[in-house]
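One chain is shown next in structure tokens, namely the form predicted alone.
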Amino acid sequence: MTDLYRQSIEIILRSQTASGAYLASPNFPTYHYCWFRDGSFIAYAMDLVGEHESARRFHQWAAAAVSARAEVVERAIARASRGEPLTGTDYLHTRYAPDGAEAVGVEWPNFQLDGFGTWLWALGEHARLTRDAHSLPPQWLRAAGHLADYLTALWALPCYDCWEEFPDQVHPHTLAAIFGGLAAHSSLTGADHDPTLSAIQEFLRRRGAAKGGFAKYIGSQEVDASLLGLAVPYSVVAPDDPLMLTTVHRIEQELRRGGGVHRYAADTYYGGGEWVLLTAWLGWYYAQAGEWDKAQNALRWVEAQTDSQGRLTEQVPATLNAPAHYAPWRERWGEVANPLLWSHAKYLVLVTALKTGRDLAVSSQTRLAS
């Protein structure tokens, strides 16, 4: 394996706190918290590379954070069932301090649903990859049940997207994460989520499309790189679904002006650069679709972004969408987050997807030849 592969594992392990929480970035003060979204993908990457104890510790932390807020979940479900709007105390926050406490000091866009769907999906993957589905701790399953009920009640509500923006919209990526999470919960527990899963799929096909592909949010004509998640890993649609193929084509044409992938065309965060994790995510999609050369090219670009200390940043300030916004963000929060654990995790996922996919292809060809 490459140096970056080993370094990525070491960076993630060093940045995992004693509680099991993963700091989003140890060198970026604003990211000294654990997000369910980032943490779940990081735990999945750790499971892929055999660091199951690290993943187990994160899932223990996540389950405890949810369980401590069971009353919040119940309140949110009750208010939603009555058609009442949620207030700031009626929903789970998107990020927490390493000890599981609420993040304090800065007001944050907390009403986000995708991270909790992603945790359920990652929990299912942990069970699959460790062959441990029948011995997950009861407290984990109780927490997962709380979240499944929470997502079932709230899935159709507008909320912040995975970039913590556009709170008044419904986002296909968020719906996909909820779909993937509820499907995983069904596999883990036998719970019947078919009505909600079918409703999400029908909603996405009926209202989530624009220009022949999926839209950034319902009613938008724009594309967003997070839409890759609809196929990989949440499996709302297959990688070769016509809507997905058009979505990926638009991402390639509109969001990949350089070697890396932008979040969306109007992004101005740190000038709107090329995101390492999104380029790896596109490569992951290519690997799942059997487009090995494209996946390998994405991998090479990611590896080329490594700094002298073996770190991967959040984004690269090349082909900026809005160059005038780069300096103001640096003045406000400092240099771009480096390392970003989510970037390292997606790199590990891409490496594994390429190796696994090629091994399966070779094995299949060998069987056919014999």
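A quick note: this is a predicted structure, and the numbers were derived from the prediction, not measured. In this text, residue numbers run from 1 along the sequence as written.
Heads up, the form predicted together with a small molecule isn't pictured, but that's what we're talking about next.
Novice: With the partner left out of view, is R263 within 4.5 angstroms of the small molecule in the predicted bound form by any non-hydrogen atom?
Specialist: Taking the distances in the predicted bound form, the answer for R263 is yes, it comes within 4.5 Å of the small molecule.
Novice: According to a 4.5 angstroms non-hydrogen atom cut-off, is I12 in contact with the small molecule in the predicted bound form?
Specialist: Contact with the small molecule, no.
Novice: Does at least one non-hydrogen atom of Y31 fall within 4.5 angstroms of the small molecule in the predicted bound form?
Specialist: Result yes; Y31 sits at the interface with the small molecule in the predicted bound form.
Novice: Contact with the small molecule in the predicted bound form for A24, defined as at least one heavy atom pair within 4.5 Å: yes or no?
Specialist: Flag for A24 set to yes.
Novice: Report the residue, out of Y269, Y96, W140, W155, that has at least one non-hydrogen atom within 4.5 angstroms of the small molecule in the predicted bound form.
Specialist: When the small molecule is considered in the predicted bound form, the option within 4.5 Å is Y269.
Novice: Have a look at R69, R311, R57, R37 for me and say which one sits with a heavy atom within 4.5 Å of the small molecule in the predicted bound form.
Specialist: Partner contact (heavy atom, 4.5 Å) among the options: R37.
Novice: Which of 319-327, 44-52, 336-344, 300-308 has heavy atoms within 4.5 Å of the small molecule in the predicted bound form?
Specialist: Stretch 336-344 is the one.
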